[in-house]
Each structure stands twice: as C-alpha cells, then as structure tokens.
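Only one chain is included here, represented as structure tokens and corresponding to the form predicted alone.
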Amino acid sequence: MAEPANHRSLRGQLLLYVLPPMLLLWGVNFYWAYHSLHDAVTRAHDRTLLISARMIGDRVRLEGERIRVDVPYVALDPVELDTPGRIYYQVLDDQGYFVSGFDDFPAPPQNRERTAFYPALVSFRDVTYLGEPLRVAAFYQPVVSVDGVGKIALVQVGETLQARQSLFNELLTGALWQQGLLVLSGVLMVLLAVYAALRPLSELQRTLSARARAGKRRRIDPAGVPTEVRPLATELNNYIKRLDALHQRQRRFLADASHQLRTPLAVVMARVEHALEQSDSQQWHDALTDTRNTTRATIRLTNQLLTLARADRGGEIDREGWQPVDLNALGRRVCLAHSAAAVAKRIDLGFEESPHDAHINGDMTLIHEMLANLVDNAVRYTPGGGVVTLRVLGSEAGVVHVEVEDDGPGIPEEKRMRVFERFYRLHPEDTKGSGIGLGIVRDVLKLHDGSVQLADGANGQGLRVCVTLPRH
C-alpha cells in the first residue's frame, strides 16, 4: 500500500528525485564504456594481427614464376606465446594457389571492403574455423623479382578470440569497479548533501522543541538561518505572534469576565440568602425582583463580553461566512427591538432610511450587536421625553454612513476618546451600563475596516455617533 503523500519524508523525496537520474546516467555511461572498450580491444588486436601478417609478408619472395615464403616463428609470437588462444595463417599466390600455412583456411569473400584504418593493405573479418570463432586479417603483399616481374601474394592470419575476450573482460571489470565506486561515492555525496541541506530544518525543529519544553515562545532570528529557510522562520514568527496575541486575548477575556461577573453573581447570592431568612412575602417579592433585574443585567453583560471576544481578532480578519448586510433593514429591526424600552421612558425613537444602496459585506451578528449597543446606550442615557434617531445615509463614494443621535447629556469632548476603552464610565457611580458598549462598536468597526466619530447633537445638545463602513 502506498504511503500517503503527506507522510512522506522530505529526505526520501530528495533522494527519489536525485538517485534515479544518477543510476540512469550510470547505465548510459556503462553502455558507452562497453562499446568503447570493445572497439578499443578489437582495434588493438587487429593491429597485432596486421603486424604478424606484415612479418610473414616480408618473407614472401618470387622464384621464377612461383611465390615462396619462409614463415618466421616470431611472426606467431605476439599472439601465441604471450596470451591464450591459437593463431592460424595462410599464404596464397595471385592465382589463388596455396603456398604455405593451413590449406583449408577460409578464403576471403570477393569485393570485401578494406578496413577504414588501412584501406590499401588489409581487411578484417570474423570467421569460424575448426569449430572456433576467429578474427582474420587478410593482407595483400606485393612481390617483385630481380627481373622486375611483380605479383601480389595474399597473407591471412587468424586469431582465436580467447586473448581479446580475456583482455576485454579485464578492462570491463575494471571499468565497472571504477564506475561502481564513482556511483557509490555520488550516492554518499548526495546523502551528505541532503543531510546538510535539511540540517537547518532539523535545527529549527530542535530549537522550537526546546523552547516549547521550556515554556517559551520567543521569536526565531531569521538572520541565523539559511536564506532558503528564512521565509519559513518568518512565517513561524508570525504564527508565534498570532498565537501570543490569541493567548493574550483569552487571558484578557477571562480576566474581564471574572471581574465583571463576580460582583453581580455575589449580589444575587447575597440577596437570595437574605430573602430566605425573611418570612414576609413582600420582602420575597422585592428580592425576586432585584434578582431578576440583576440576572437580566448579567445576561446582557455576558452577551456583550462574548460579542467583544468575537469582535476582538487581534488584527486577524476571517471573512469566511460574511454576507451582504442591508443596513436599512437591520436598522429597522434594531429600532423595533428597542421600542419597548423607549416607550417605557417616553422617548421618541425614530428611524430614517436611506434612499440609496446601503449594503455592506460583513458579519451579520456583529453588525447587529454594534447598532444595538449604539441604540441601547442612547435610550439608556437619554432622559425621559427625549429623542433618539437612527439614520442610515447612503453615499456615492463607496461608503455607508450610520448615525445615532440623541438629545441626552452627551459626552464632554475631552473624554470622547476614553469612552471606547473597556469598562470605562464617565461617572464611576453610574450602574446603568457595563462600560463595554462603545468598546464593542470600536472592535466591530476595526474588523470591518470602518471608523467611528463622536460629535455634538443638533443645536449642540446631546451626542451624535457617526459610523462609516465600506459599501458592498
């Protein structure tokens, strides 16, 4: 069964890419070496045959009309004595009559081409004689008598193949050993190169493991790693940075939640215990009413904390799941949801719809929570009988403006930047809100590439919150 691609070793992948081409090159080189050695051995032994044929040809003479020859023993020495195998020879006159040697020696074929190395002197061929394969050199020797009569004698010398095969095998074996050692050296060098190339990754892994065991997440110095690994080190640093930010946000959320929820839960518990000690039904009723109100405020605070944690991405934006949001329709629903609280305080809660396109691309839940916090703050802090207006203003410049305006007490200009801080209250004794509503607005707008500004309301009274978002 094949190993999954994601479990393959990088070292194995590199070897898979390098070793097969090396083996292929070794095979091609061996093929060339085989033929080159064969040609070289054949040429060397053919030259030896030619030398023997020349030595015999030098002893050919013309006596009258007959060709005679005295074959010197040394003519057979180069092959017969120094190397294994046998040598055969034959001398014929220009009429094809036998002069000396082996009379049944195979005759050369008619019109045989001369060898490219000695075209005017000799031709070489392979034959079978007495059941053995031979290599034969056919040499034509001119013979001239003292009377000026000239004839041509044919001298043939044949050699069995044991000698040249032995030399060829010896040379081929040596070449195989040399090439084998060369390939083995190449494989070892490739292994060392792969090890050296992957060593920075191993060191990087050991560094990260050591830091993890030590409970540290320090950044990796990109200058201390090779150029090819530097992008990986940079991305690891970015990942560590995002991980640190995530852990920091988690710790902050846990700290905020524990700090903000501990007090109302303690109040509820104390109120219930006090009510259980009483026998008056009116006191029970008052305790249950207080518990209900505190529980409602705690639920709202919890929802706001969860929304704040969801909106606080630490600069990371995940737009998966975003969708077009119609601010006209969303603003209308937010006003309807807060209409009961506005009626209870005799507040005129109005909504002004934009006649232009008011669609943005974003997270529907977060955008809804942002508008709800703005309207809730306006209704909560506007005195009874006041006016709160949510208006959506389309734009031709690729943005959508949303305004929430009230005629309440407003926010002093020198404190307008601080109200976006978490749990900041203009008046510390104020218990109407949680102090994170505008923090949610800031984080949601940051996530959606938007902005917010605080300004005075109409006629310099109240507060006008101006939100700008990019149009879809």
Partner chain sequence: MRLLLVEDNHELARWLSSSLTGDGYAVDWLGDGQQADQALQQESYALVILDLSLPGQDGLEVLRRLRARGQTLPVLVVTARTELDDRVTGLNMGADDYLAKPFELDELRARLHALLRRTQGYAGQTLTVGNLSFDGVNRSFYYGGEPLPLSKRESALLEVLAGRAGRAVSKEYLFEQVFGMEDDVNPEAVELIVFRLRKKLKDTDLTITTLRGLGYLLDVSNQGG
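Here the structure is a predicted model, which is why all the values come from computation and not from measurement. Numbering follows the first chain given and starts at 1.
Heads up, the form predicted in complex with its partner chain isn't pictured, but that's what we're talking about next.
Its partner chain is not drawn, but in the predicted complex it has a heavy atom within 4.5 Å of residue 389. Although the partner is absent here, residue 139 sits far enough away that none of its heavy atoms falls within 4.5 Å of its partner chain in the predicted complex. Contact between residue 339 and its partner chain in the predicted complex is found at the 4.5 Å heavy atom cutoff.
At a distance threshold of 4.5 angstroms between non-hydrogen atoms, residue 349 is in contact with its partner chain in the predicted complex. Of the residues given (181, 343, 276, 197), 343 alone sits with a heavy atom within 4.5 Å of its partner chain in the predicted complex. Residue 299 is the only one of 243, 272, 152, 299 with a heavy atom lying within 4.5 Å of its partner chain in the predicted complex. Exactly one of the stretches 153-161, 231-239, 351-359, 99-107 approaches its partner chain in the predicted complex with heavy atoms within 4.5 Å, and it is 351-359. Residues 364, 365, 387 are the members of 364-387 with a non-hydrogen atom no more than 4.5 angstroms from its partner chain in the predicted complex.
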